[in-house]
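The chain that follows stands alone, in the form predicted on its own, written as structure tokens.
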Amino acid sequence: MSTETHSNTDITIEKRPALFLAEFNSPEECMHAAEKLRDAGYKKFDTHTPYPVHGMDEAMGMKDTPLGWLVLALGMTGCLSGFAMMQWMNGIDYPLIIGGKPSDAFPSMIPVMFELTILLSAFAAVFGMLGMNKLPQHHHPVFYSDRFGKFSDDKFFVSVEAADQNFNLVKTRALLESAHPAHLELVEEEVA
């Protein structure tokens, strides 16, 4: 932790390490660094690239997302809810015979079942994705770096958060340096 004192206001600002940010010139170098971190047991690290890099998920050791199963479960819930709702309303609660058709005719239930399936699937996809990605995240310590803006142009970055259980200033720096980054930076954040 570092400390800064401003004489004109007598305010002491303490800073603590937030993350290491390693800059690379190619996607291969970035992927190699991600593999090293994965193999060393790091979990709270991320890669930042100007475009999707095929194989980066595997290099980071990421598992398949359970989002598809969540969408399936809520889609089936919507379908079955639509069926139950139509069965109750048309067959039990308020049975009407219209045009000589039975009140619990299945073809008349299909539009409602379809719509509820789509509605709940869409909610599951959107809110599940936001929740699993911890979004919206309005601020992250990586934005304290002046160099980080280049990730959207032509640079590739790997960030290792200080919250990782394996994070150690000396060992993590040595591991990242062994991947030969173009630039390595310790990003600090202010402690309130």
Partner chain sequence: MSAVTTTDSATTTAATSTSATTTDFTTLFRLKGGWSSAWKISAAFAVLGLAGAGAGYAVAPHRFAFSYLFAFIVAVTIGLGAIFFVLIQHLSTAGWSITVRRSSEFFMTGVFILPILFLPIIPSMHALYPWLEHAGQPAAHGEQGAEHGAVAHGAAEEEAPAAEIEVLPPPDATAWTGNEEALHHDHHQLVEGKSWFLSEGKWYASSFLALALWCLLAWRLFSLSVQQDHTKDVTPTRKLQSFSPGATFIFALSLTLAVFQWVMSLEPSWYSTIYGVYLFAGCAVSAFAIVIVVTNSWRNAGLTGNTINLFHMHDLGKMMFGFIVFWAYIGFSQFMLIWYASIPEETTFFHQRWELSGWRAVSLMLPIAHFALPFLMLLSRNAKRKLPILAFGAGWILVMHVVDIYWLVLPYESATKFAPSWIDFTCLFGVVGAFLTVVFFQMSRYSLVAVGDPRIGRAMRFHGA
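Just so you know, these numbers come straight off a predicted model, no measurement behind them. Numbering follows the first chain given and starts at 1.
What comes next is about the form predicted together with the partner chain, which is not displayed.
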Exercise for review: Give a yes/no on whether Gly91 approaches the partner chain to within 4.5 Å in the predicted complex, heavy atoms considered.
Suggested key: no
Point to revise | Close approach of Ala84 to the partner chain in the predicted complex, 4.5 Å, heavy atom | key: no
Check your understanding: Does the partner chain come within 4.5 Å of any heavy atom of Ala73 in the predicted complex?
Key -> no
Review point. Might His138 be said to contact the partner chain in the predicted complex, defining contact as any heavy atom within 4.5 Å?
Key: no
Study note, to complete from the structure: Contact with the partner chain in the predicted complex, heavy atom within 4.5 Å, among Gly41, Gly55, Gly149, Gly131 goes to Gly55
**Study point:** Segment assignment from 47 to 55, 123 to 131, 140 to 148, 162 to 170: heavy atom within 4.5 Å of the partner chain in the predicted complex
**Key:** 47 to 55
Exercise for review: Can you tell me which bits of 107 to 144 touch the partner chain in the predicted complex, meaning any heavy atom within 4.5 Å?
Suggested key: Pro107, Ser108, Ile110, Pro111, Phe114
